[in-house]
Every structure is written in structure tokens, then in C-alpha cells.
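Below you'll find only one chain, the form predicted alone, shown as C-alpha cells.
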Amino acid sequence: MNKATIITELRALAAEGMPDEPEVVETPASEEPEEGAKKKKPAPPEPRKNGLLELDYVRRGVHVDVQMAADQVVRGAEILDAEGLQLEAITGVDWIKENELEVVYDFSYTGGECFRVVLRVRIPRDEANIPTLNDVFPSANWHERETYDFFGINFEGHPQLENLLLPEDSDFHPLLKDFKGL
């Protein structure tokens, strides 16, 4: 495993789908605190370098965090597979206010020294489609089925995308934030 190769290749891949400059959002004058009022100092944002963050493992539990487009995730997985990393988990996050779902892939290398990588992909809630990783990592099979069960994310090309834990006839996804229960 070569960390520098992984970081370089993932940075280049993520840069293909990311803008060069982050969008700057200015605070409207009406929202600025009155003179003399205590100003809350916002936490500084972590710099994203072309969609990739190198993080302090002790503080964050991961060495590299990559935000990428859905059509890049298979290539990202191939890069990690070629360097000997293993898929640990796939899960979802519902960003209901942004009308997006996020698919989070956790990878690790434990041969000699620990190295952890997270790939993140945001997709629209109403078009929750992303390519399967089953052809690269067969272990993705049940992780994708579980994520499909709980979030309704369609893993395109999956050989058996059907409920894994929920009843076969269920038409609900209980980890979506707008799920009202049965």
C-alpha cells in the first residue's frame, strides 16, 4: 500500500467533479450582530482540497475523507482495491433539508499499519441512484442491500437488490428523516 499514491489518485479523481474555488457565502447586513453585541466566532471550516481532506486520525478516526460524484465512486473503489484496502461498511445519511442522501463508504488497510479512507457521495433524494461496488468488492453486496432497505438508495447494477432485513413486501425506508412509522 502506498499512501501517497492513494491520496494523489483520489485527489485527481475528486477534482474532476469539483469546482476549483469553493463558493463564498456572505452574511447579509441584516443578519450581522449589533455593534457591541457578543459575536459568536464560527468554527473555521476544514479546507477541502479538490474534494479531498487529509485528517488527523487520532481526532477523526480516518486519514483521508473524499467527497466525489456518483459516477466516480466505482473508480475510487478500484483505486483503493488496487492498493490493498478493504471495504468495511456502506451506509447512508439523510440530509433532508438539502433534499439529498449521502452514501458513505468506509475502507481500511491493516497490513502492517492502519490506514482508513472514507468516500462520500451526495445524491438527490428523489433520484437516489448510484452504481454498485459489487463487481469491485463482492462484500458490498449485503451492505448495499441494507442501505437500500433503510434509505431507499438504488445501487444500479446490483445483482440482487432486494430487502435484506425488512419484510419482503415493505415499501418504506425507516432511516429517512420523514419516515412516520407504521
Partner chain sequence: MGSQALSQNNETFEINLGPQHPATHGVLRVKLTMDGEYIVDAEPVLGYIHRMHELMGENRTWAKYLPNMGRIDYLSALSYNLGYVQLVEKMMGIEVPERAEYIRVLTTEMNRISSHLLWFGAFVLDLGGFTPLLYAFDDREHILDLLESVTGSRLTYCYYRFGGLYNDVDDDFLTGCTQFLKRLRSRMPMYHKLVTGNVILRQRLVGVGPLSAEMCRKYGATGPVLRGSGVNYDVRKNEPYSIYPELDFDVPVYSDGDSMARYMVRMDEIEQSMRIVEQCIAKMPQGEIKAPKVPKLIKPAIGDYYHAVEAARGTFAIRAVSDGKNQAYRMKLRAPTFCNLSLYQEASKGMLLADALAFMGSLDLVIPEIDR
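In this text, all values refer to a predicted model and were calculated from it rather than measured experimentally. Residue numbers count along the first chain shown, from 1.
Beyond what is shown, the protein has a form predicted in complex with the partner chain; the following relates to that form.
For the chain shown alone, Leu164 is a contact residue for the partner chain in the model of the complex, at least one non-hydrogen atom being within 4.5 angstroms.
Contact annotation: Leu175 falls within 4.5 Å of the partner chain in the model of the complex, judged by heavy atom distances.
In the model of the complex, the partner chain lies within 4.5 Å of some heavy atom of Ser139. The closest non-hydrogen atom of Gln72 lies beyond 4.5 Å of the partner chain in the model of the complex. Although the partner chain is omitted here, in the model of the complex none of Gln67, Tyr148 and Asp171 has a heavy atom within 4.5 Å of it.
Residues Asp81, Gly84, Leu85, Gln86, Leu87, Glu88, Ala89, Ile90, Thr91, Gly92 are the ones in 76 to 92 with at least one heavy atom within 4.5 Å of the partner chain in the model of the complex, listed in sequence order.
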